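This document starts with one chain, in the form predicted alone, laid out as structure tokens.
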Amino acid sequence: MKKTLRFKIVDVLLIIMMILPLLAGIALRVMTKPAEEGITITGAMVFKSIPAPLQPLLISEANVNSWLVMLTITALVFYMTHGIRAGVKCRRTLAAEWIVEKTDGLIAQNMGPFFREFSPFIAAILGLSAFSSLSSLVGLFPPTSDFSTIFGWGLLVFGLITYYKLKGGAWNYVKGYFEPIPFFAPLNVIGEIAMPVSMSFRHYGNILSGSVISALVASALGGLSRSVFGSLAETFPVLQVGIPAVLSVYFDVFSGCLQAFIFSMLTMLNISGGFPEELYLKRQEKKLARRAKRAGGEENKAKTAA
């Protein structure tokens, strides 16, 4: 099936919708970031502070860029799936199908058939984490370099882990803190609380350290250029050309995608590992038996009354 004019126009609009959020983020950074000299390693800029009961609610660069990345991903998803229903086969629709198949395979391999509906959630974590880290390639502050962003993801995953642990029963959940012996209860509680913190610090630390190392190496190469090439380096920093780009391939591209994959794997393993499937199935069987018994009793009462 050939692409119609309407199909091509929609494609162009979706591409524009992918690019506009990134351009808006770049423009915002250019207009709000103060002039800097030398090495400056700072966190996300705070645009607004809203008073709140416990502490001020900060609207930071990381929050804004997270939403811009989500808008870009949303437009990208619509672009990749545009034409599937119309029967138009192209590389991007094949790529979309490949992503779905691989995500389903990850879920089946690491979580089992009970969690097959988790594919969209895991794909969202992978995409948001990877694109947030890669946003530094276009000059944006990567949201994954802000601990509050990653910690929010960790709390969400922790909530899901606790939810599925409770499917085995509240008593079974509480009892798990006193295993293998009651003396271990405080350690088990600390370990439970430390889970989202450790997941967040692992992701945040690797992304931030890459940004810091890249900035330090680029600055050092600038100083070395001035020492070796003198006045020529003032107009053309010879050693700063190429080498920082190679480092960026590792720290921004490879490391960013790797940390997204690791965070997703930890999410899958922790959720499925904490789910007491056997106890849950037994509880479901007991519930069904009680319902059947209750329905049978009501049926007998109806027959007796008749």
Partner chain sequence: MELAIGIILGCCALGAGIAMIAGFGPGIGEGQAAAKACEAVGRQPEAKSDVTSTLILGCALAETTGIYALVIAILLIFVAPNIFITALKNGLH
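Since the model is a prediction, treat every value here as computed from it, not as a measurement. Numbering follows the first chain given and starts at 1.
The form predicted together with its partner chain exists for this protein as well; it is not shown, and the discussion that follows is about that form.
Shown alone, this chain has one stretch from 181-189, 195-203, 135-143, 120-128 that lies within 4.5 Å of its partner chain in the model of the complex by heavy atoms: 195-203. Heavy atoms of residue 209 reach within 4.5 Å of its partner chain in the model of the complex, making it an interface residue. At the 4.5 Å threshold, heavy atoms of residue 26 stay clear of its partner chain in the model of the complex, well away from it. Contact annotation for residue 262: at least one heavy atom lies within 4.5 Å of its partner chain in the model of the complex. When its partner chain is considered in the model of the complex, residue 279 lies well away from it, no heavy atom lying within 4.5 Å. Checking 258, 247, 70, 58 against its partner chain in the model of the complex, a heavy atom within 4.5 Å turns up for just one residue: 258. Annotation for 100-116: no interface residues with its partner chain in the model of the complex [heavy atom within 4.5 Å].
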